[in-house]
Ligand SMILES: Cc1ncc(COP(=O)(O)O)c(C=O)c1O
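We begin with a single chain expressed as C-alpha cells, specifically the form predicted alone.
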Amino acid sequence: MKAYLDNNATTMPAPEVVDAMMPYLGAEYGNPSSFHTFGSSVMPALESARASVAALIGASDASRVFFTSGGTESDNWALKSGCSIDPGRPGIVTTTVEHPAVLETARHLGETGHPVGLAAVTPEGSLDLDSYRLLLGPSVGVASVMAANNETGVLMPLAEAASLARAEGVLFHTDAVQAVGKIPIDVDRMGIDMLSLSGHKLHGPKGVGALFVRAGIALPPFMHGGHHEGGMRAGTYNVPGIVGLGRAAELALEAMEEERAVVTALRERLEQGILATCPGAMITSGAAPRLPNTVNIIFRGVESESILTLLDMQGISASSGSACSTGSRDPSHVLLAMDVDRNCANSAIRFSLSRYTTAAEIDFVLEVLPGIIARLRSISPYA
C-alpha cells in the first residue's frame, strides 16, 4: 500500500480538472489574443475561469484577478511592485515564518535599498500583532502576512493584520497559497488589497496561479511585453492551466464545508494515533487555529530525514517542511522563529492531507510509523 500525505507540497489534479483542460490541449488550441474567431473563441473560457477564482476568494470584481505562473510569481509581483508605487514608501513588512517566495523576495529588496521589517510570531506560530504593529509606519509601502503557514498549518489573523496596515496607509498582501480552497477567504470583507494563490495546491494544475489586486491600486506590471491581462501581465495565456484553475476553484467552493469536516476528522485520527503509539511525540502549534489538513509533529531525539527515508521506503510520502526548502540542512526557519529548540526542529515531520486522503492511508501510517520511530530511537545518540 501507499499513502500520499504531502498535499501542502502539491495535490493530485482533480479528474474534473483534467477533463476540463483536455480540449485546450487538443482541438481548441487557439491563442485567445488572436483577432480571428478560432483564437478569440477561447477567451470566454478564460473569463469564466477568472470569475470562478474571484468567487472562491470573495472578490466582487472578477476583472481584478490576474493570472500568473503560480504563487511565487504572484508574491514577487505584489512585493516588488507594491513597494515601488510610492517612492516615499519603499519599505516592506512581513513575518519571520513566510514561505521562501516572500522571504527571499524581501531579502532581495532589502539588498537593493528597501527597508525590511520582520514581525515576530508567538510560540504557537501565530502573528504577534504587537510586533507587527510597531513595524508599520509612514515609510512602509506594503505589508505581507501569509494566510496559513505551509509547515504548521497555523492560520494568521488576516482581518486584524489588514486593518492595522490600512490604518497606516500601507497596502496589505497575503500569500494565501495554502489557505485558498481549504478555508473561506473573502478579500472584500477582510480588507485584503492583494492576494496570491496557486492552482496545484487546490487540486488544479501546476504552473498557473493568480494575483488579486484591489481596484484603485496602481500596481505596476511585473512582466512587460504584450497587452495581455489588460496590460498588467504580458505573455501568451496558459489556456489549459487557467481553465484547470477555474474548474479547481469551482470544485473547492462547492465542497469546502464538507471537505473541511472530513479532512479534519482524518487529521485528528492521525494525530491521536501518533500520540498514542509514539511516546515523546509532540504536535507543533496544537493549540492554535490551523488548516484542517495539516499536522506538524516533533519526534524528539530522531532526525526527520531518517524518518522520511524509512517512510518513503514503505511507500509513505510526507515532508519535513516546505518543498521549496528541500536540500537545505538547516532546521526549519518556521520552527526556529517559534523558539523551538534546534534539535527538536530537526525532528519535525509534516503530514498534509487532502480531499482524496483515505482512512486506509491514515491507518497504514499508524501501522508503520511507530516501528520506525522505535527503531530510530534505539540507535539515536540523542534519544
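Not measured: the values here are computed from a predicted model. Residue numbers here begin at 1 and follow the sequence given.
Omitted here: the form predicted together with the named molecule. The next part is about that form.
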- [ ] Only one of P240, G125, G153, G71 comes within 4.5 Å of the named molecule in the model of the complex by heavy atoms, so just point that one out.
- [x] G71
Open item on the list: Exactly one residue in A101, L135, I298, L311 has a non-hydrogen atom within 4.5 Å of the named molecule in the model of the complex; which is it?
Closed with: A101
Open item on the list: Within 4.5 Å of the named molecule in the model of the complex - does that hold for a heavy atom of every one of V93, H114 and S144?
Closed with: no
Open item on the list: Quick check on H200: any heavy atom within 4.5 Å of the named molecule in the model of the complex?
Closed with: yes
TODO: Determine whether any heavy atom of L245 comes within 4.5 Å of a heavy atom of the named molecule in the model of the complex, and answer yes or no.
DONE: no
Open item on the list: Can you tell me whether T284 touches the named molecule? I mean in the model of the complex, with a 4.5 angstroms heavy atom cut-off.
Closed with: no
Open item on the list: Taking the named molecule as it sits in the model of the complex, is L195 near enough to touch it, meaning that at least one heavy atom pair lies within 4.5 angstroms?
Closed with: no
TODO: From the candidate stretches 250-258, 154-162, 174-182, 117-125, select the single one in contact with the named molecule in the model of the complex, where contact means a heavy atom within 4.5 Å.
DONE: 174-182
- [ ] Give, in sequence order, every residue of 233-272 that has a heavy atom within 4.5 Å of the named molecule in the model of the complex, or say none if there are no such residues.
- [x] none
